[in-house]
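Presented below, as structure tokens, is a lone chain in the form predicted alone.
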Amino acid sequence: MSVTNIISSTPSIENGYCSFELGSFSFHRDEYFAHISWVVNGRGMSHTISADVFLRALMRDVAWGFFYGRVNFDNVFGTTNHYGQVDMFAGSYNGDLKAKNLDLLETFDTPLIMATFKTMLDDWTNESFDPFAAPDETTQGWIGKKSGSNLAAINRERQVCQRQPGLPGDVALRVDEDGYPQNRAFADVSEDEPEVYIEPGFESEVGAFNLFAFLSRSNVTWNPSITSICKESLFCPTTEEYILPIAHGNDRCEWFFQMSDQIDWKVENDETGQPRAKVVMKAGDIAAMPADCRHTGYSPKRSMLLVWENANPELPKLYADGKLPVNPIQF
């Protein structure tokens, strides 16, 4: 659908931010909050999220292309990816709102909702605020009236390997001259590279790299970089600090390998938000998130996490039809 289907009001006289409408949903922000409104059963509903929380979640939804399954901005609002179309919902996976028939879910073609979200992200992100960064790495610039923009931050693209990092034809984050300095939290991480002795003639096919050094130069948080692709198996290492800005609702199982420090995971029922488990992962721990949960992570200091994803496009239907167990291991 054409981007012209985005309905954007003129900037607010009070604070300079534009308002947006998509389907039956309306969005506006003030100096502190993002406000979402909808009408259901003749009743006007509204939901308020702190603007920084909303922008951090919106940034991931845009950067990840709506990700696998559901992206819950909080316990009321979010999106579900159907890979060509996207549901936008308010209250549909909140047990209380759902029970009172106060929820709304509408489905949009992916290009339309993506264009709307990108335009909103651009307009609502001020010049000194980076929604991809840890709180200590950006300013409180999200507070207050409209003040410029930060296109360099919101237009970052995920690092996706074409080959193993370090081999000809790929980019290595760990090289200073590429513009990726070592992060303050990983100053003690060795930058030594493994020694590889390659049979002549195979120089472009065999290699190795220091994954810790690679991750020590990540300038974003909670944004997996794909460093290994084997058919539909993806290794997606990432650095985590503070709070995962969304609650991820799986449409497939997800494996986590904690490579350094600690992350505490809050795991909930994906349909209702009811608590299911708390998982504390320390360096060396491996855990699997089932295909029917939502989870949010808390990392008290910057840590390294390897996320293993299965990109098979048939998985959501197989789980939805009950043809695969939601837990990857049956005890």
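The first residue of the sequence shown is number 1, and the count goes up from there. Fair warning: this is a prediction, and the values are worked out from it, not measured in the lab.
Form predicted in complex with a small molecule: not shown, discussed below.
- Proximity of residue 318 to the small molecule in the predicted bound form: non-hydrogen atoms within 4.5 Å are absent; the residue sits far from the partner.
- Contact check for residue 81: no non-hydrogen atom falls within 4.5 Å of the small molecule in the predicted bound form.
- Shown alone here, residue 64 lies within 4.5 Å of the small molecule in the predicted bound form, counting heavy atoms only.
- Contact check for residue 223: a heavy atom falls within 4.5 Å of the small molecule in the predicted bound form.
- When the small molecule is considered in the predicted bound form, only one residue from 36, 281, 305, 53 comes within 4.5 Å through any heavy atom, namely 305.
- Listed residues 238, 210, 183, 260 were compared with the small molecule in the predicted bound form; 238 is the one with a heavy atom within 4.5 Å.
- Only one of 244-252, 188-196, 88-96, 141-149 places residue heavy atoms within 4.5 angstroms of the small molecule in the predicted bound form, namely 244-252.
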